[in-house]
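Take a look at this one chain, the form predicted alone, written out in structure tokens.
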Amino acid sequence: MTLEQAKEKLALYGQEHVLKYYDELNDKEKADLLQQIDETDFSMLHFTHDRDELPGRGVITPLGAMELDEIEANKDKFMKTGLEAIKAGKVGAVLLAGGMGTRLGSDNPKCMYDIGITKPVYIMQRLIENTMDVVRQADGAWIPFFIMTSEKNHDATTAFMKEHDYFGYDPAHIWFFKQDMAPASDYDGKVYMEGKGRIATSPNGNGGWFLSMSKAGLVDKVHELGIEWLDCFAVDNVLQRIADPLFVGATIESGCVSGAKVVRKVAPDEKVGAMCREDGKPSIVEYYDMTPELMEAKNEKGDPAYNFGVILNYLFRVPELEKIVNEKLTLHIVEKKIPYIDENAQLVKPESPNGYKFEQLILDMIHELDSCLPFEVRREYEFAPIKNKTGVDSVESARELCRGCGIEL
């Protein structure tokens, strides 16, 4: 992109201030800023004023799950179907690992966090070991493993994996790709600058993973390898089973084009999204959208109607993903604390929210698709999220759950 083209693009979106310090930059900084302007999607910024153009929620109704007793009764059939698909190379894994360990008190990528007590046990190590369990179940069939990093943690993550020899996983079956970034703005829709030659950005949310894979050329790799299903999961759950043949088999046998692992909620207001139908299609209602009426609703068994919480482990059929990859998912506008340079080019780190970040969420992908199998798992065996250093969903609670599963820390 030339300087003139950058000026035209910025003028189109009212962001001319991005070039305020352009003449003070060296040649590399100028080139980097022009590239960032070229790659940045400014079109979302108008939603800071035009919120009414964003789609609202539809009519929410209950959606049940395939529960543990049904899964147990069909275990042999599901396992056979799932293992056949894995051995045939039809199942890949996608790890969403773009986050940093800031909330855990670490400046490193979250996947590098050590939860060990008597020896090092890294979050990434646990996820790889969980996947290796399935590789062994599948008689040594390697599962293609795609790792989404971010602009902020890519180099550290790839170096960490290489340093630890990929924790025993064959690197010939691992691919890295970077998550797309979105601009961060003030309340008037003007992008912040985090430096004289750098627009403030943040990862564009976990819903952009497949588009980011596509831009990185890895959807071509998916086709080349003959992968038909992608198991997409978050970095912070150290107990989850990845490319779980039971889950894969159940989803295939159900005829659904997607699947979602779920746990029974410990309370109606637990901070997890709940499976539901929205305007008749499978969907997920986030905990902050749960009204008192939804929390109090009961099903025909007398149980809470919105009782199955998602754990961010989803299975997607690739052809259906490709149909929606260019669709505009619902945009979520979130108030955040955004570091920026002031009028004197001094870096400011605000102590309270000062603007917006823009995200797309993977849960909206479920709603774009025609069918989804909610698949119940036992939380004590498969749900140990690490979101905080102490307390609920913390390093402490994850350690206890790991120990309960016989994992040495």
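Quick caveat, the model's predicted, so the values are computed rather than measured. So that the term is clear: the rigid core is the largest set of C-alpha atoms that superpose within 1.5 Å between two forms. Sequential numbering from 1, following the sequence displayed.
As for the form predicted together with a small molecule, it is not shown, yet the points below apply to it.
**Q** Is there a heavy atom of K271 no more than 4.5 Å from a heavy atom of the small molecule in the predicted complex?
**A** Residue-level check for K271: no, no contact with the small molecule.
**Q** When the contact criterion is heavy atoms within 4.5 Å, does M148 count as touching the small molecule in the predicted complex?
**A** Answer yes; at least one heavy atom of M148 falls within 4.5 Å of the small molecule in the predicted complex.
**Q** Look up in the predicted complex whether S185 has a non-hydrogen atom within 4.5 angstroms of the small molecule, and give yes or no.
**A** So S185 does not count as contacting the small molecule.
**Q** Does the small molecule come within 4.5 Å of any heavy atom of A260 in the predicted complex?
**A** Taking the distances in the predicted complex, the answer for A260 is no, it never comes within 4.5 Å of the small molecule.
**Q** Of the options T131, N206, T157, T201, which one has a non-hydrogen atom that comes within 4.5 Å of the small molecule in the predicted complex?
**A** For this set of options, the contacting one is N206.
**Q** Exactly one of E382, E359, E376, D364 has a non-hydrogen atom within 4.5 Å of the small molecule in the predicted complex; which residue is it?
**A** Only one option qualifies, and that one is E359.
**Q** With the partner removed from view, which of 83-91, 135-143, 232-240, 157-165 is the stretch that lies within 4.5 Å of the small molecule in the predicted complex, judged by heavy atom distances?
**A** Single hit among the candidates: 232-240.
**Q** Look at K77 and decide if its Cα position differs by 2 Å or more between this form and the one not shown after superposing on the rigid core.
**A** No; that C-alpha moves by less than 2 Å between this form and the one not shown.
**Q** Quick check on R136: with the core superposed, does its CA move 2 angstroms or more between this form and the one not shown?
**A** R136: C-alpha displaced by less than 2 Å between this form and the one not shown.
**Q** Core aligned, does the CA of K337 move at least 2 Å between this form and the one not shown?
**A** Yes, shifts by 2 Å or more.
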